[in-house]
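Given as structure tokens, the chain that follows is alone and in the form predicted on its own.
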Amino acid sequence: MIKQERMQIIKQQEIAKHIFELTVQGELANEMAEPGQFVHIRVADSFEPLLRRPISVASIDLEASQFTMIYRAEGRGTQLLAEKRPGDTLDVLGPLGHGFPVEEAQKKAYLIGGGIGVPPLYELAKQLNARGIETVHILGFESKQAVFYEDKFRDLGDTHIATVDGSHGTQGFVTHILNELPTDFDTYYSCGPTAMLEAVQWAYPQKKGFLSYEQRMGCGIGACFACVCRTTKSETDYIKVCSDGPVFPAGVVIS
């Protein structure tokens, strides 16, 4: 059930260049069910910035009524968010959207993420591991300075890192790594830039895949139509990424 709550900030730290890890606590955390869902945050108690910011959830701790988000501080809203400190409270609306279907994986899954699309894959990996699914993680970043959660992913399964400038791991994009890996998996899950999602689904046309789209949003609940995308169903068929997604089966969305 969607709730709006002023949650208490438990931890806030910069874990890579301009990348922040933020943990909050409150009853809303107990509503978290699916990896890949997101929350909408009001970053200031004023009318500026006017719109909330959509932030994906990287980890859920139901016992502690906490969840952790990872975001890049690059615009006015997220820079204000980065100024928040433990003990402050935060206006949070969520959980929003539909997440990754963990029940679709059978034995082995590829988790493919790019940049700030990596965080939701961490909670996904945890939940798949808990179901006995082997996970392989293929994660892409701009440079070594932007890499985060590498050790955390390694604790959950085989992990491969690509950086565009070659300063860490394989030089290039996640697709360079995918070209070298076996295709002995049954399901893939991916989140990241649209170009990366397109490349991934083209790489595995015969595999079952689920893609999480990063689209600009206004309301986050399907009312403003700011995040609509066409589908492959027909010329006039559209979906709203915030409320119909952000996760869709591969081959459904034309972005």
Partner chain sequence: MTDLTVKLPGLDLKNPIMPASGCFGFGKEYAQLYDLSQLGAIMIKATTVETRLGNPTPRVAETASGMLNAIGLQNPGLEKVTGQELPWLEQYDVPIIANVAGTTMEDYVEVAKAISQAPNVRALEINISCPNVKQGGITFGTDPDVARELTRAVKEVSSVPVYIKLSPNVTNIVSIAKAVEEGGADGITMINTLLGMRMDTKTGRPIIANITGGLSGPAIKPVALRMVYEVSQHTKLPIIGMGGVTNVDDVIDFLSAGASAVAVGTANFVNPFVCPEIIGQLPERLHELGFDSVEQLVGRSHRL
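Residue numbers count along the first chain shown, from 1. Fair warning: this is a prediction, and the values are worked out from it, not measured in the lab.
Absent from the display: the form predicted in complex with the partner chain. The rest refers to it.
Only one listed stretch (183 to 191, 28 to 36, 64 to 72, 47 to 55) carries heavy atoms within 4.5 Å of the partner chain in the predicted complex, and that stretch is 47 to 55.
Interface residue among I161, L93, L178, L80, judged by heavy atoms within 4.5 Å of the partner chain in the predicted complex: L93. For the chain shown alone, E14 is not a contact residue for the partner chain in the predicted complex, no non-hydrogen atom being within 4.5 angstroms. Under a 4.5 angstroms non-hydrogen atom cutoff, the partner chain in the predicted complex has C224 among its neighbouring residues. For A203, no non-hydrogen atom is located within 4.5 Å of the partner chain in the predicted complex, even though that partner is not displayed. Not displayed here, the partner chain is approached by Q215 to within 4.5 Å at the level of heavy atoms in the predicted complex. Shown without its partner, the chain has no residue in segment 5 to 26 with a non-hydrogen atom within 4.5 angstroms of the partner chain in the predicted complex.
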